[in-house]
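To begin, one chain is listed below as C-alpha cells, in the form predicted on its own.
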Amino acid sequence: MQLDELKAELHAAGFPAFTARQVFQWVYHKNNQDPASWSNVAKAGRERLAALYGLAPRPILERRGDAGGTRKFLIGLADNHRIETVLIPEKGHYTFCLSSQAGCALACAFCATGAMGFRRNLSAGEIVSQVLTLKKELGDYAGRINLVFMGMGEPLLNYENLARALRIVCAEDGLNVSPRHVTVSTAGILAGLDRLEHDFPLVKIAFSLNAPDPLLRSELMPISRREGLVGLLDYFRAHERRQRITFEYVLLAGINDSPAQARQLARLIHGIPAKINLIPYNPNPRLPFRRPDEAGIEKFRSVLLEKGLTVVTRWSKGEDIRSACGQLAVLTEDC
C-alpha cells in the first residue's frame, strides 16, 4: 500500500492519524515487520494491525553463496510458487537483482527463466518483499544499494505492480532508494517503456538487444516478432532522456559474436546515446549455446570501441551457484 492509501484505511478503522506513518517507519525505515515489537504503538493497536495486514516478508526456502560473496535466495510465495532473487557485492555498494514475475512468458532461446515458462505476475508486495529480505541479509549496512529488475520475468508485462513497488522503493517515507540507483531491464515492450519513462524519468533502462539485426533477434527472442526492433530503436532515438540507454548484448559463440556483427551492431544503434554491456553467455546444460572464448569477446569489444561506443564487458557474478544473468529458474514440478 502507498502511504496515503494506508492513512485513509487506518483512519476509517479508527486509528490515530499518525499511525500510518509509524507503520511505514517500522516496516521500511527500520525493516521490522513484527508489530509486537513496535514500541511507539499501543498494544491494542499493534494487535489490530497484526490482524489486519500480512506484514512479514516471504520466507527464504533455500540460500546459496559463492566465494565472491554473491548470494542467491529461493523465496516461497503464498500459493507455493517460487522465485529467485540475488544479492551481489560490488565495489562500494551492493546490487539486488529482483524478480517481477514467477517464470517468464517470453521464451528467449538462451534464457533459463524462459525455459521454465510463465506462472504469474508478482504483486507489488512480493516485489518489495525481496528488497526487505535482502536488506536484512546486510544487517546494519546503510550504504548505497542498486536495484536491478533483471531477475525472473519481463518487468514491463507486470507494469502496474512494478510501478506500485517502485513508488514504495523510491519514496522518502518508503525505502528511500534514489531512482538513479534503479534499473529496469526489458526485452522491449513499447507501451510499457513509454509509461515507465513518463512515470519514473530518473529510473535507468536496460534494453536486451542480443542481436545486430531484426531477423536474428526474432529467432533468439520471439517477442521481437510482435515488438519490432526497428520501432523500438526509433523510439529510443526520438525521446530525449537524462541518462543513456544500456544495451545488453549476450554473446553466443558462433551466433552473434563475429567482428562483422559488431560492425553491424554499431550501425544499428547509431544516433542513440547509449552504452553497451557485453555479457558472455552463462552456460546452461539444458540449452544448446556456448560462451565465446576470451579472444573472440575481446575482438568483438574492440570493434565497438573503434566505432566510438562505450562498452563494458560484464562478467556475471554467481555463475557457479546459477545466479548469473540468464540462469535464474525454478524447474521443480510444484513451482
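Given the structure is predicted, the values throughout are model-derived calculations rather than measurements. Sequential numbering from 1, following the sequence displayed.
The same protein has a further form, the form predicted in complex with S-adenosyl-L-homocysteine, not shown here; the description that follows concerns it.
Visitor: Considering only heavy atoms, tell me if residue 250 and S-adenosyl-L-homocysteine come within 4.5 Å of each other in the predicted complex.
Guide: Looking in the predicted complex, residue contacts with S-adenosyl-L-homocysteine include residue 250, since a heavy atom lies within 4.5 Å.
Visitor: If you check in the predicted complex, is residue 26 within 4.5 Å of S-adenosyl-L-homocysteine, heavy atoms only?
Guide: No - in the predicted complex, heavy atoms of residue 26 and S-adenosyl-L-homocysteine never come within 4.5 Å of each other.
Visitor: Check whether residue 149 has any heavy atom within 4.5 Å of a heavy atom of S-adenosyl-L-homocysteine in the predicted complex, and answer yes or no.
Guide: Result yes; residue 149 sits at the interface with S-adenosyl-L-homocysteine in the predicted complex.
Visitor: Taking heavy atoms only, is residue 279 within 4.5 angstroms of S-adenosyl-L-homocysteine in the predicted complex?
Guide: Close contact exists here: in the predicted complex, residue 279 approaches S-adenosyl-L-homocysteine to within 4.5 Å, heavy atoms only.
Visitor: For the interface check, one of 139 to 147, 115 to 123, 88 to 96, 178 to 186 should have non-hydrogen atoms within 4.5 Å of S-adenosyl-L-homocysteine in the predicted complex; which one?
Guide: Only one stretch qualifies here: 178 to 186.
Visitor: Just to confirm, with a 4.5 Å cut-off on non-hydrogen atoms, which of 236, 110, 200, 159 contacts S-adenosyl-L-homocysteine in the predicted complex?
Guide: When S-adenosyl-L-homocysteine is considered in the predicted complex, the option within 4.5 Å is 110.
Visitor: If you look in the predicted complex, which residues in 189 to 220 sit within 4.5 Å of S-adenosyl-L-homocysteine (heavy atoms)?
Guide: Stretch hits, in order: 208, 210.
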